[in-house]
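Take a look at this single chain in structure tokens; it is the form predicted on its own.
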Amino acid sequence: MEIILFKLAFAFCLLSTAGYLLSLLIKKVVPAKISTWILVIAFGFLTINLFLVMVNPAGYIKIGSREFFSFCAWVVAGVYLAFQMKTKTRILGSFISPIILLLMIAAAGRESGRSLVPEDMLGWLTLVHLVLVVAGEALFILASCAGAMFIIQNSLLKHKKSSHMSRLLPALHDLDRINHLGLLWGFPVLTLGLFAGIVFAGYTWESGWPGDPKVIWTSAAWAAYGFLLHQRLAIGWKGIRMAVISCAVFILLLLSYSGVRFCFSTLHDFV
């Protein structure tokens, strides 16, 4: 049953992504609206799948490699759909849905069943750490995608290209608002997640963890996003400046994650 639900969620994610990209190609919003509902169905299947897989008869949470990436896709989809209820910027899904699909592809290529987290690290605090960090990063993904779309829309309007594409994309103030809300909510959520990890590491590893490459780069990304939020709230940065810097910081985060994952020895090598 779990495999069937995962395959259904994957298939609907694929259909949703195709629909969003078709919306950009033909410059019509109707396919994007349909794709949003397809993504809702995929989210539903994925929700049931995660519930059945992660809560086993023994009564404890099981976090496997496939489940972890499925959970990442589930959070990103959930955050985007929640924003859809407020902003109606459906065409933003053309940037978000490929990320969700990539996470689902990563999940499909991973092993299911075997615990992702080592036995000595299992516990509720580990679960809180993973859930909050993934949720915070999902909000940053949304903020960065809104920033990328802001750059495109601003360029079209700046060069006075009043085309079907510029009318199709969301208004600049809507994209700027999403960028703002993504940072405003993502930073405290990520902060709580990192704090939970620090508390757990302090009790479990005792020493050595502050110099772990994963901890250093994650802390640097956290500081960068904190700087962005400060500049937005205290200095009043907004618009194209925030959009460009948000995208740059997100790219830096992706590069740092890839570099740490493949180039350094880390205590977090299970993620």
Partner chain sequence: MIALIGLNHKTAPLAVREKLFAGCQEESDLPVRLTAVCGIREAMFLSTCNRIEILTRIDGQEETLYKLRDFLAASGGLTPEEARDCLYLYCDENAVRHLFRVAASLDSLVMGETQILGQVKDAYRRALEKNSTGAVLNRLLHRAFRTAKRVRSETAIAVNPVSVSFAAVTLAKKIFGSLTGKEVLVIGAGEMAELTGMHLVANGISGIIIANRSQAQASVLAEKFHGRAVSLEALREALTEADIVISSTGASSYIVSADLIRQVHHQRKNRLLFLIDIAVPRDIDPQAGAVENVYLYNIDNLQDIVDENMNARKKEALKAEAIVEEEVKNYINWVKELDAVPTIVLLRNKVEEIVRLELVKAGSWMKDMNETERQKVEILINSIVNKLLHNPVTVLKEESSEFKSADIVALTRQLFRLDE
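Predicted, not measured: the structure shown is a model, and the values here were computed from it. Positions refer to the first chain, counted from 1.
Just so you know, the form predicted together with its partner chain exists too; it's not on screen, but the next bit is about it.
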{"query": "Location of its partner chain contact in the predicted complex, chosen stretch of 220-228, 65-73, 235-243, 42-50 [non-hydrogen atom, 4.5 Å]", "finding": "235-243"}
{"query": "Of Leu139, Leu190, Leu169, Ala107, the one that lies within 4.5 Å of its partner chain in the predicted complex (heavy atoms)", "finding": "Leu169"}
{"query": "Proximity of Ala82 to its partner chain in the predicted complex, heavy atoms at 4.5 Å", "finding": "no"}
{"query": "Close approach of Gln153 to its partner chain in the predicted complex, 4.5 Å, heavy atom", "finding": "yes"}
{"query": "Partner proximity in the predicted complex: Leu157 to its partner chain, non-hydrogen atom cutoff 4.5 Å", "finding": "yes"}
